[in-house]
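Okay, so here's just one chain, in structure tokens, the form predicted alone.
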């Protein structure tokens, strides 16, 4: 095959994109990052990431460019790993260079701002790329950076997408890729699991105990599946890697590698006011709006959204969540 067909292109230089690039590079896979930052391009080209991830060393087979046209010429398979608030803008720029021969999967666990669109829809709207998919699951950047064994789900309506995803991103003994056709379910599950991670962080911060914590996670999976079913997704997807698996790992790592959504839940429990940006928070609001539009009752998700909007005090929110997980079945 051509070098273009064997190179993984990654859009974005956040923790997930950089860690995935390093993992694939260590496995001998050629990787090309597209970043608009000349500083990131220079650091990656020099094998270092001094400011963003100083502990991560980039193998020589990982390169970076700031020219989107050069990026599109050198890669065919693209992983989009940018923030949901900027994905439409980045895809619009990418659309100037790519064509129907490219394949794109995204690793964005949220809906595209500000209109709550699924990211695969945004890619299709802003670019000429015809074959899209999503990768999701319990793979934290710290695991990828350290080379610890992990798994991801690749979902797409196109078999070629999932086949290429497994071929190019799969790493024997380290990264295992599972396939699914339920792209709607995988995208919703990935986004919603971040929203419910906030609730688990809140519960841990309030010290509710391991029993109620477990029931909360069970109720969260059930709510995700209920919304997914109403949206036309497969229920089983929400109890797999993209949904329950994602939620478990995001709410289990409780050190410096904890997910931003989990840390947000802890901060809320400690009385801090939420004023910043967070993918889980955006997913909570979008999921709540979707649930209302579809007529689906999701008490935990509604409570999370109302906390983030400042409509509920922490004490009242905690009481509502406890009532939900102890009374609803």
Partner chain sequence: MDPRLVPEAENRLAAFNDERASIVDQVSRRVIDAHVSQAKLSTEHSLEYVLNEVAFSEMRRLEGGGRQTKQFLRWHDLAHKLGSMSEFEKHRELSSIVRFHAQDIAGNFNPKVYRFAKDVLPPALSFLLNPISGFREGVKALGSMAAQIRIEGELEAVRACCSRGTLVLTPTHSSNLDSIVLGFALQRSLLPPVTYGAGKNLFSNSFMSYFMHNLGAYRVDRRLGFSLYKEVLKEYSTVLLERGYHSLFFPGGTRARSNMVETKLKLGLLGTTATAMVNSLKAGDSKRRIYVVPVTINYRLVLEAETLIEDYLAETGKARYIIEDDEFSRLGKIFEFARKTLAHEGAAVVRFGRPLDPCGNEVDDAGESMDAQGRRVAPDGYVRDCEAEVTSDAQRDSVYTRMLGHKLAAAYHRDTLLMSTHLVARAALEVARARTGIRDILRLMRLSESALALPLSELCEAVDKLRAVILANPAHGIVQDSLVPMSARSIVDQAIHFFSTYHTKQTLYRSGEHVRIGSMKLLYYYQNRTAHIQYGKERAQ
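This one's a predicted model, so the numbers in the text were calculated from it and none came from an experiment. Positions refer to the first chain, counted from 1.
If you look for the form predicted together with the partner chain, you will not find it shown, but the lines that follow are about it.
Trainee: Is every one of 2, 125 and 158 in contact with the partner chain in the predicted bound form, taking contact as a heavy atom within 4.5 Å?
Mentor: Spot residues vs the partner chain: full contact, yes.
Trainee: Specify the contacting stretch among 138 to 146, 229 to 237, 159 to 167, 190 to 198, defined as having any heavy atom within 4.5 Å of the partner chain in the predicted bound form.
Mentor: This holds for exactly one stretch, 159 to 167.
Trainee: Using a 4.5 Å heavy atom cut-off, which residue among 257, 213, 117, 92 comes into contact with the partner chain in the predicted bound form?
Mentor: None of the other options qualify; the answer is 92.
Trainee: Tell me, out of 218, 101, 252, 151, which residue has a non-hydrogen atom within 4.5 angstroms of the partner chain in the predicted bound form.
Mentor: By the 4.5 Å heavy-atom cutoff, the listed residue in contact is 101.
Trainee: Please check if residue 248 has a heavy atom lying within 4.5 Å of any heavy atom of the partner chain in the predicted bound form.
Mentor: Residue 248: no contact with the partner chain in the predicted bound form.
Trainee: Looking at the partner-bound form in the predicted bound form, is residue 85 within 4.5 Å of the partner chain by any heavy atom?
Mentor: Judged by the heavy-atom cut-off of 4.5 Å, residue 85 is well away from the partner chain in the predicted bound form.
Trainee: For residue 174, is any heavy atom within 4.5 Å of the partner chain in the predicted bound form, or not?
Mentor: No, no contact at 4.5 Å.
Trainee: Should residue 181 be classed as touching the partner chain in the predicted bound form when contacts are defined as heavy atoms within 4.5 Å?
Mentor: Output for residue 181 is yes: heavy atoms within 4.5 Å of the partner chain.
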